[in-house]
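In the block that follows, a single chain appears as structure tokens, in the form predicted on its own.
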Amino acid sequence: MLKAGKTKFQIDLRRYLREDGVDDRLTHLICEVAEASKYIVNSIRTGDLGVAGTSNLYGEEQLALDVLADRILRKRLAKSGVVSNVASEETRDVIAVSPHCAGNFSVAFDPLDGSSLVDVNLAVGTIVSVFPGSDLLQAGQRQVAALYILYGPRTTLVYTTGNGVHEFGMNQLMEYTLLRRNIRLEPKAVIYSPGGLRKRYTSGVREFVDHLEERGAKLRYSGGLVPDVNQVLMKRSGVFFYPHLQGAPQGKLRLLFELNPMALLMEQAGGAASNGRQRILELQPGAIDECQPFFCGCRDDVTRAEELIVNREQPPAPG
């Protein structure tokens, strides 16, 4: 346990992880991601915003910063000595690092989520999901850690290892020190962040939005998953959703790289995360590029979204 008499600003990330009882290998892995973020944030501040000339597996044009962030994280994880396999949203395949080493972890990451927002100076982030062993296609409830790093006016790291949600901030020495521990969500949201075109919302989702607005919830949406989820957690009272849409029943967000880590963080903060019909962390991914609808945040509101979708809409057709 942390000793009395120390202020929160004197507690660095590695020390906090160790004193919180996190396994040494997992502590090392999280700290390696934190180290990589220092190079990523410097690249965002100084790097070329031009197009790299390649595409990721979803057909999206990659920015130079996407490619650079991906290389930084992959190199750091490969040299960590505790990683079996990695999968990046920017590549097509799972990359074997040390797949036969017992006690290692596998890592899925989005190196620079929202990278198209960089050139208009809006916040972006890195998202990381950690599983035990060499299999990345596990249900999200098997994660041993999830974290994101937000590159905004401040650079912050928010993580969970299954013992609450904690926020760290990068100081002038580029070290992460504790800002908030054990972040908890209220039952109901006062803000909501809706993704997707509203005219393509299904009946249950439209009713859910009406329910939030009638209750007085205010719309707050940046267009970036990391800053919007961070807003929900730090305000302690919000809901984010990118739902199924007419013509896009699986939504847009990727289960492995985005939804699993954010769902674990939300649940560890006392909230909930669902695809509208089922808990996100119970879903078994069939492929690394699988997408699912996403509703996360205050528990009562996620439950209400599920009720409206199940009662107002037909289940999606199989396949």
Ligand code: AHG
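In this text, residue numbers run from 1 along the sequence as written. Owing to the predicted nature of the structure, the values given are computational and were not obtained by experimental measurement.
Absent from the display: the form predicted together with the named molecule. The rest refers to it.
- For residue 164, no non-hydrogen atom is located within 4.5 Å of the named molecule in the predicted complex, even though that partner is not displayed.
- Residue contact check for residue 68: none of its heavy atoms lie within 4.5 Å of the named molecule in the predicted complex.
- In the predicted complex, the named molecule sits beyond 4.5 Å of every heavy atom of residue 84.
- Residue contact with the named molecule in the predicted complex: residue 258 places a heavy atom within 4.5 Å of it.
- Looking at 222-230, 176-184, 156-164, 74-82, the stretch with residues near the named molecule in the predicted complex, meaning non-hydrogen atoms within 4.5 angstroms, turns out to be 222-230.
- Among the residues 108, 112, 149, 189, the one placing a heavy atom within 4.5 Å of the named molecule in the predicted complex is 112.
- Although the partner is absent from the chain shown here, 196, 240 and 252 each have a heavy atom within 4.5 Å of the named molecule in the predicted complex.
- Counting a residue when any of its non-hydrogen atoms is within 4.5 Å of the named molecule in the predicted complex, the one hit in 79-105 is 89.
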